[in-house]
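Listed next as C-alpha cells is one chain, alone, in the form predicted on its own.
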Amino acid sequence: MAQSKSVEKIIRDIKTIKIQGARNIAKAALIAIGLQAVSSKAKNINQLYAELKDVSERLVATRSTEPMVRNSIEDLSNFTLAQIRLNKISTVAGVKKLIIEHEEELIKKMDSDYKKLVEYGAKLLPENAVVMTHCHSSTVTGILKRAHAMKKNISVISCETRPLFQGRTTSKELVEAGLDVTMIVDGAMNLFMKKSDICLVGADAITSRGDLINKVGTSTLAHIARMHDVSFYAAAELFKYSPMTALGQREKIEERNPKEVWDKLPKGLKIANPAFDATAARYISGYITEIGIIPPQSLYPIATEKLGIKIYE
C-alpha cells in the first residue's frame, strides 16, 4: 500500500529516536495517520480502513514499549467506527473528515493535559530543591522550567543516560532555560543522591499494579532514592497506562541495537541493550498526572476510567 513520504519519515524518525518521549511519539503517530488519510486514494471505506490499519500497526511496532501510542490510535479508531455507525457515514470523504477532526482534537487534549500536569508538578517541587532526573522527558523538563519560572530556585542533577546520552538533551535544554544544572555519569547516582531532595522522571508505561516502565536505569535510581529516603516521582499522563497488564500480560521491554552500546564489538562478545526497566510501585511516591498527584495504588481505576475501560461488567 502506498504511503506518503511524510508518513515514512515520521515512522523512521520514531524508530531512530529523532522523535522521542511518549507524548511526542503519540502525537507524531496521530499526525501520521491523519496524513495518510488525507493522501489516500482509497475508492471505498474498506480500502481506507486497510490502509490506516497498516500504518497504525507500523507505528505501534516502531517502539514496542509505548502504550500511549496504542491508546491514542485505539481512541481514534474507536471514535471513528462509532461515528460511522451512529451517523451512517458511507463515503471515504466523510470518514477522512472524521479522522482528521478527531486527530486534531486528541492532540489539543494532549497539550491541555500536559499544561495541567506541568502545573501540578511545579507546585510539588519544594523551594530551593535539588532535583535528580534521568533520561529526557519533555514533561519533566516542562515541570522544571515552570518551577524555575515560579522562582523556586531549584537546581538539577541530570544523569547522562547511556547508551544514547538522552541526559545531554535534558541538560542542554534546562541550561538554555537558565536553570542550574549539573550532569553526572549514571554510575554516580548514589554519590549525588546524598545531595538531592527529590527525584523526578518521566514514564513510558504504567502497569495495572502501578509499576513504572521507563528508561533503563530508572529502577536503579528509585532503589537508591529509597535507600537515602529521597522521594521519587514519575510524571505521566494517564494515557500511558497499559490496559493489557490488567489481563496478565507483561509490557514488553524493547531491546535495541547492540551497536548503540559498542559499534565495533570484539569477536565473540555479546551485548544486551534493553531500552527500559521496571520500577516497582512500592518505590514510587506518586505519579504526577493531568488530574493531580496519584499514589501508584490508586492509578488503576482512575486510568481505566480515563481510557473508557469498564472494570466490571
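Numbering starts at 1 and follows the sequence shown. Predicted model, so just to flag it, every value in this text is computed and none were measured.
The form predicted together with ribulose-1,5-diphosphate (RUB) exists for this protein as well; it is not shown, and the discussion that follows is about that form.
Proximity of H136 to ribulose-1,5-diphosphate (RUB) in the model of the complex: non-hydrogen atoms within 4.5 Å are present. Taking non-hydrogen atoms only, K215 approaches ribulose-1,5-diphosphate (RUB) to within 4.5 angstroms in the model of the complex. Contact check for L144: every heavy atom lies farther than 4.5 Å from ribulose-1,5-diphosphate (RUB) in the model of the complex. At least one heavy atom of Q166 is located within 4.5 Å of ribulose-1,5-diphosphate (RUB) in the model of the complex. The stretch among 36-44, 284-292, 22-30, 50-58 whose residues place heavy atoms within 4.5 Å of ribulose-1,5-diphosphate (RUB) in the model of the complex is 22-30. Contacts between stretch 197-215 and ribulose-1,5-diphosphate (RUB), counted in the model of the complex as any heavy atom lying within 4.5 Å, involve G202, A203, D204, N214, K215, listed in sequence order.
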